[in-house]
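Below you'll find only one chain, the form predicted on its own, shown as structure tokens.
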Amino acid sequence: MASSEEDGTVEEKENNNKKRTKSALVTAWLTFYNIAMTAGWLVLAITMMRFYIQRGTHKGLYRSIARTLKFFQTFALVEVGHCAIGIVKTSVIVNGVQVCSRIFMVWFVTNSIRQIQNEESVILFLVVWTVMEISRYSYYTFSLLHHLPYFIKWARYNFFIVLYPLGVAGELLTIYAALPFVRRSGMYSMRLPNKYNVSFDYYYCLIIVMLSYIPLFPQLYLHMLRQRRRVLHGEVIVEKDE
């Protein structure tokens, strides 16, 4: 019996050591990831400010940051993986919608339609994204390091109240500005007859995307407000699994 108990104790210690090692590796990876993303969005912020100070105009700004923006925004897909495998306790659906909608805006709207790249609405959502991402990733970084300044926490859960609606407005106005160019060019569209016997109109796809903001935006915004109450005011929020 004693031998059996000792074997069980040894096995339990080994399991605990494995869990601690795994936890340390996950924390190290998440810390590295969030530091890298904070630095990336800081580079974008500095580049945008320098461009505007030197040129005195927003025209051409998007093209000056396009490569960096595409890299860091696309790399955010890693976060969906974090949620999917459970190393971050966030809804895959909520995170996936936010990340994929931004990737869509970058690759399939702004980057694809050069005629709209100098629109004020593009600069609006770029500035909003940059401020929100710097506050978000720096919040995660300092939290993982167990040294979270109150201002970072305050910024993370207060800036979005104004910035989130402004960002959505910028995105919607940008898509709206793209509609005439998409309709004239027929980009990403498939007309019948074709060998696949499939019809697709990107113009109407963009309209559907715009309409999807009506149900999605309030849900995501209210989710953030609930998170704000929980973090800043200590309220216990019970949410259904998504």
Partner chain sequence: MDALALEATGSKRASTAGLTAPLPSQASTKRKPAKKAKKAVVFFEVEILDAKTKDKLCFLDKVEPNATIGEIKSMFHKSHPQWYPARQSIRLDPKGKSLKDEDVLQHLPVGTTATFYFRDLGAQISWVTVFLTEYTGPLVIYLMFYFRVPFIYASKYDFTTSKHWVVHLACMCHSFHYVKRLLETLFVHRFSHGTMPLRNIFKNCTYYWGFAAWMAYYINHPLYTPPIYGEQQIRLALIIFLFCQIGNFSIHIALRNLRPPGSKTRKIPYPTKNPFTWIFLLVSCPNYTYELGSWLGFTLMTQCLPVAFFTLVGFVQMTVWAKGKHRSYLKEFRDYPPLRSPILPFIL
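Model, not experiment: these values are computed from the prediction. Residue numbers count along the first chain shown, from 1.
Absent from the display: the form predicted together with the partner chain. The rest refers to it.
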property	result
4.5 Å heavy atom contact, residue 214 and the partner chain in the model of the complex	no
Close approach of residue 193 to the partner chain in the model of the complex, 4.5 Å, heavy atom	yes
Contact label in the model of the complex: residue 54 to the partner chain, heavy atom within 4.5 Å	no
Contact flag, residue 28 vs the partner chain in the model of the complex, heavy atom cut 4.5 Å	no
Which of 55 to 63, 37 to 45, 196 to 204, 170 to 178 lines the interface with the partner chain in the model of the complex (heavy atom within 4.5 Å)	196 to 204
